[in-house]
Every structure is written in C-alpha cells, then in structure tokens.
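Next come structure tokens for two forms of one protein chain, structure 1 first, structure 2 second.
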Structure 1
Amino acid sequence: MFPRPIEQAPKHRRLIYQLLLPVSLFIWLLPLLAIFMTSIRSAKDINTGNVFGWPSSFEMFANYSGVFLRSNAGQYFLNSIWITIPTVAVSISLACLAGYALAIYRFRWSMPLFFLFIAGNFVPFQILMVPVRDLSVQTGLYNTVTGLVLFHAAFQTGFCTLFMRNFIRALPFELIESARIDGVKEWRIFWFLVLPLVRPAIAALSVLIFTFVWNDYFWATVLTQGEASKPITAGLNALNGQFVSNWHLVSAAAILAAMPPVIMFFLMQKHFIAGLTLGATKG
C-alpha cells in the first residue's frame, strides 16, 4: 500500500535513483539558474541575443544595486513586509482560536461551521475579483496596505482553521479533561496546554502562509494602483521602461524577492518538518 523506502530497494534500482536524482534536481533548478544568469548580465548581452551563452561581462553589483536605485524597490519590500507579517499573525491567531473551538467543544453546528471554513478554499479566486475589488473601493480600502492585509487574512483563515483544527483534534482529549477536573480555566488550558503542544504545527503553517502571501501577484495587481502600496511582486514591472525591457534588472529583483521565503524556510526548517510529520506515526 505504501511505497518501499529506497534503502530497501534492489541495488540496481538504488544506483538508478542515485544517478537520476542529480539530473532531476538540475532540470528542476534550471529556470532559477537561467534567471540568476540573466540577473548578472549586461543589457548589451540581452539586446544582442546573448541570453543563454556566457556573459560578456558580469554586472552583478550594478544590476542588484540598480534594482533599488532605478525603482521604488525598497518601498515595495517594506510594503510586502507590512502585508505579510500582520496577515500571518492574524490568520494563525484566529485559526488557533477557531480550531480549538471546533476540535474541543461539542455543539450542534460544529460540523456545518467546519465545512463552511473548508468550502471557502474551493471557491476559484478569479470569480471573486470584481466583487472584492468593488467592496474594497466602497469601504475605502482600495490601494491600501490595510486592505491587502484584511483581504489576505480573511482568505487564509479558512485554510489555517482546517489545518489547526485537525492538529488540535489529534491531541489526547484526556489531557484537557484532566485539566478541567483540576479546575484550570479554559483560556489557560488553551494558552498553556494546547498551544505548546501544537507549536510545530503553528511553525509549519507560518512558513506556508508567509510563502503564499509574499508570493501573491494576482491580488496585488487587482487591489493596488500606484506605487504607495504595491508589494514587491507587483512592483517588478516598474523596472521595465515604456520602450525598453530591462530584463536584467527584473531578474535581479525576482531573485531578491524570492529570498525572504527561502530564508524563513531554512530558519524554521526543523519546526516545519516536525509540524508536517506531527501525528504521522502511532504509539
């Protein structure tokens, strides 16, 4: 039913695996490598068609510094931070509270309410483009960082609640019952008992939501206009002129924009893996 570990495979299969794995990784990383090579080329190379060959000159410092000197990239990065971090905090905070209530309390409408959280994840976000934009205009939240935070938090809370509810439900209910018998208040049970036990799940969810929101491009272009509130994903187009495409600068900005999620993953790698494997074994 489950795949056999590669260590238990025959010798010839392990050899094929060891040969194909580096090739597969190289093919998978090839687009990223191409973007990086473009980011260190000169504009002359790109204009003369030298896109895949060896660069005639390495302009890494000029290109990466030009991202900030020739655009409002610094403001875009700050906007992405002001959008992503509050969204992660609000979404996970609400999800922990809702997930605890749905997992621990037994009330009549718990399952329909839980399905309502799940149903929101299956709605194609493209069909919400016009009503969400109109709502943001009517409420004065269009083209604001606050509007993007509220929007992302509302949309991510459903997935986060599904995630946290399942993790909290996997905890031994006897722990909570014994705490209640000892007279511990409900908020102390939640804060001092449940949250420490699901800390790996919170770390894993934080990495996922941070990546989702930071890399968002669709809603960043739908709900913003102008330079004041654009995140870095939507601000990359500002590096292209009206008549000239500065692909070397766009590639450099794309590499810089991809770094924060990568750095966060490596900083939280231990907790991320622990959160994904929490409850994967019995006993």
Structure 2
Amino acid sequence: MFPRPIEQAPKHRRLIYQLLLPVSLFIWLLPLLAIFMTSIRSAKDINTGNVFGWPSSFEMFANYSGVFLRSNAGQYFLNSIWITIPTVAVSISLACLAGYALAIYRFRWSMPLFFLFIAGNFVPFQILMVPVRDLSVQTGLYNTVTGLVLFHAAFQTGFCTLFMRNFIRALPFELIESARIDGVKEWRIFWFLVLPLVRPAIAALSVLIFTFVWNDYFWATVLTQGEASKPITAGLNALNGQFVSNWHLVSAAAILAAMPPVIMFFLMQKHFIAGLTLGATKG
C-alpha cells in the first residue's frame, strides 16, 4: 500500500493525521457549508452582513418553502424528473443492445462503430447546437420535455454503449458459446443470459446518467424557453435573477437543486464510482 499505512507510523503522527482529516474536510467543503448556513439565515442577516456569525434567527423552513411559494421551482423540479428518468431508461436500453452487438459479434464494422460512439462523446456541445436546435424546431420538439429527452438519450447512448461493450466483453465468452451450441436463439441468449449478468453495469450507468442529465444546463437553455419545460438548473438561473441579492433564497434553491444527485450518489456510491472509472474498480 502506498503511502505507508499510518498505523505503522509513530503514535503522534497517527494522532496528527486523525486530527487533520476533519480540519481538511472542513476547509474543502467550506463553500458548501457557507452556502448552507446562508440558506438558513434571515434576510436581516444577509443585509447586515452577518456571514460568519451565529444566525440571528433560524429561517430554514421559511427560506426553503419560500423558494417553492415565490417561484416556479416546483414546476422546474417536476420537469427535471420528467427529463431525467426517461433519458436514463432509453439510453441504457439502447446501449445494452448496441454494447452486446459490439462485444459479442465479430463483424467488419464493429471497431469503427465502437470508435464512432467513443469519439461522439468527446465533441463540444456547440458543434451540435445549431443543427439540433433547428431539428427540434422543425419537428415541433423545441421547448418540450420530449425534445430534451430525445437529445439527451441519443448523446448519452455513446457513453453507455462504450461502457456496456467493455463490460460485456469482460464476461466469460464460453457461456455464450455453449448456449449457442445448445441451440439457444440469439435474442434469448441476450435476454436470459447476458442481461442478468450486466445488472451492475446498468446500476452504474443509471446513477451516472441521472447525475449528468439532472445537472445539464447547456441543452436546457438551448432547447427550452419559458416555464413549461425548463428543468431546475435553468430554473436556478432564472431564480437568481428573480431573487437578486436575496442570497438566503438563492442558496436555499441551490441546495434543493443539488439534492437529488447527492442522494443518488450516497445511495449507490459503489456503482457511481465504478461508472466514473469505467469499471476499473473492484469493490
């Protein structure tokens, strides 16, 4: 193990390390703590500049409910959910199929197609912006939740396919070979043999894509306008304008917007990290 385990170090160094841990975490998360403290302060504290001191009163409930009562935050939240969940479902389904094809079958186009999916992942969004926006306008999908879902699903399919293909390739190929020899049909092999085995990959991709899409801001501003289909990230920008200098409300809204991915991360931490490291981790 590197660095040398602290258990082997002299006692005082072990103590210093264990004291340093909470201190460094506190500094690291200071911006977050500070904004949380702001979100439970009263407007008076904000105006009198009480940033570090003890809050003159705790307004957590008033501020957080104020976000919903004084703005369209509720609508934005619902929109985010309606955009995120279907995107996760569609992109992962497509990627299971495509990843299976690229991993199991050897055909001439398998390598170029695989690299096409990878390369597509890396492109800057701006090179897609004008045509995708135009396509959405032409098909009546501009400013709709469906329009955002279709784009996100298509784009995330690239990453999901890359991930699935690598995951399926690491499965023991003999399983599939022997099923074929037994005369099992191809789609049945996929459905009954491979799909149950890729459940960890599906879990990893679900949390990851959820987070990516929930946090998307660019496409939300390019493909929507007005309240009906705006997700919470774009909504937050609108709130920021609406609550100018009402930092207690803005920070409460920011914390609310950040909550769902944070909860997802804590519930499915192992899968999340497995996804981010492209499955390089074991346990």
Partner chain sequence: MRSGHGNSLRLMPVLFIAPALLFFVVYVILPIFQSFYISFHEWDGLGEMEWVGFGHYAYLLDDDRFYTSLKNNLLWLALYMLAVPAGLFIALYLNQTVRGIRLYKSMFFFPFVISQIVVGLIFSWFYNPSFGVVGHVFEFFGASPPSILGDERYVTYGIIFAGLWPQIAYCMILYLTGLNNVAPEQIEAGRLDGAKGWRLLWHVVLPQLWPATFLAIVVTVIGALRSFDMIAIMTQGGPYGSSNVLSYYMFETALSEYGFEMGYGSAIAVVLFLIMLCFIVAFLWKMYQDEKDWR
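The first residue in the sequence of structure 1 is number 1, and each one after it adds one. For the two forms, the rigid core is made up of the largest set of C-alpha atoms that agree within 1.5 Å on superposition. Remember, predicted model here, so these are calculated numbers, not experimental data.
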| item | value |
| --- | --- |
| Assignment: the form predicted on its own | 1 |
| Rigid core superposed: I104 CA moves 2 Å or more between structures 1 and 2 | no |
| Per-residue C-alpha change between structures 1 and 2, P172, threshold 2 Å, rigid core fit | no |
| Large Cα move at T146 between structures 1 and 2, threshold 2 Å, rigid core | no |
| Angstrom displacement of the CA atom of Q18 between structures 1 and 2, core fixed | 3.7 |
| Displacement in Å of the C-alpha of A9 between structures 1 and 2, rigid core kept as reference | 7.7 |
